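The data below hold one chain only, encoded as structure tokens and taken in the form predicted alone.
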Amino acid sequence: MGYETDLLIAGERVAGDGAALEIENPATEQIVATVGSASSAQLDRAVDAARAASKEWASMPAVDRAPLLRGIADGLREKTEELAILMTTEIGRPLTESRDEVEWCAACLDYYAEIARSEIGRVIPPIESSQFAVVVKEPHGVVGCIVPWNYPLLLLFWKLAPALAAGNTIVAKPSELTPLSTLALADVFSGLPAGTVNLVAGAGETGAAIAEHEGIDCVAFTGSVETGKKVGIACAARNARVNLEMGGKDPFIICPDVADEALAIAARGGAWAAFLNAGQVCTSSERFYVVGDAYEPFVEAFVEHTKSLVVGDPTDPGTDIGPMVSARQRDKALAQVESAVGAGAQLLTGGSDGGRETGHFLEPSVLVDVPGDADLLNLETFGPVAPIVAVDSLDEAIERANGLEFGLGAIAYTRDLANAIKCLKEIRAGSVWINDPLTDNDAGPFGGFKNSGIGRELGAEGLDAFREAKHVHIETEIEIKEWWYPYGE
């Protein structure tokens, strides 16, 4: 298939003038396309186009914006197979997961098309009977979206959909590893006023330029803690608004009441939570804490199920897990595994490429007896690796879950309502799933505590992330107030 490599600026497709990005298929290690980055002048033009379109888009009633957003959703659904193939080519994950991502994007647009029509503020009580007071929520202006490679479209539309629904215009930059699926979106935005959405390509320097650009009023970022902090500092230096989602080290807790069939189900749910997208999910379960007698049967069921998973060509319908996105990502995950084993951990399955000569494959890996200070239990892995730890109590599991700098998500399995309530109250994370791993809900906010981020995407909170609140105070009578000068009268 052919690849769209042009940028979208001011409603026109233009070749990038900057450094060339070579796009690799991680399953074959072949370069499938070359994309030109946006030059400094092209980024300025994209921002100028977004600012020029801002007044018309912001002043459009939400009821008129809604069908345009739904039109984008329809366009995505019509391009499902094309976009899925592109994402699988860039990322290496199974086609079924890529198809799901397109539908999730469309559903997000449908959701925000409707809730943006529900309110634009509120009426508040006045100070005096002759007054009227309201709070009006207005768009920031131009939003810069900096998007990672693991879910290139979903994590774009979690920003773009609420930002557009709120009346903002967009300058978006995908990861340098996965620009093809994003650039292929140009035609789905054709129904919007020119310049409302602009798509640029580039690596870290382009993202930094977006964060620092005086013409961008708000930056929405998903990526690493290190890069997110740099984005936050750049925005703070010019008082721009910022929304940061910076990853995690999510815990998965098996409560002591889980046994028999429920334990077997929890093992399958845990494998999915750990290995989905080859473990390259911001909310991947990266450390498992199993309480009491559930430990040994859980490990046995988890390993048995893991060994049944098919690792291979992501375009094959029978494949469960494809390659990792790059050699760098694979080497990082494998280094944590090898370091843990060197420190005394037992590798029960996985830990290699399965003998493949090409592709950045890492078989799903399960480890036990991992030392508490190992990187595998403390630093983000972002790969198909599951360290399983035995703990004596739920209190200990929660203490360990809360013991890191991260707080993005957490999963717990229990049949006991008291245990469920304890987990949801005491775990310090932006999302807590009980008995159902990683199920997102467009109506529920997504984001992290601590170093996992600032702000929220999705839900009403996600809409408000792209709106400013303005207090409007109206006095209907023009008269002198008794508290004015002079005080001596």
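The model shown is predicted, which means the values in this text are computed figures rather than measured ones. So that there is no doubt, residue numbering starts at 1 and follows the sequence shown.
What comes next is about the form predicted in complex with ligand NAD, which is not displayed.
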Answer option from 309, 208, 265, 327, heavy atom within 4.5 Å of ligand NAD in the predicted complex: 208
Position in contact with ligand NAD when the complex is considered in the predicted complex, options 337, 146, 197, 83, heavy atoms within 4.5 Å: 146
Stretch in contact, per heavy atom within 4.5 angstroms of ligand NAD in the predicted complex, of 345 to 353, 84 to 92, 214 to 222, 389 to 397: 214 to 222
Contact flag, residue 446 vs ligand NAD in the predicted complex, heavy atom cut 4.5 Å: yes
Residue 251 within 4.5 Å of ligand NAD in the predicted complex, heavy atoms: no
is_contact(residue 245, ligand NAD) in the predicted complex, heavy atom dist at most 4.5 Å: yes
In the predicted complex, residue 384 touching ligand NAD (heavy atom, 4.5 Å): no
Triplet 150, 173 and 231 all within 4.5 Å of ligand NAD in the predicted complex via a heavy atom: yes
Contacts with ligand NAD in the predicted complex, stretch 385 to 416 (heavy atom within 4.5 Å): 408
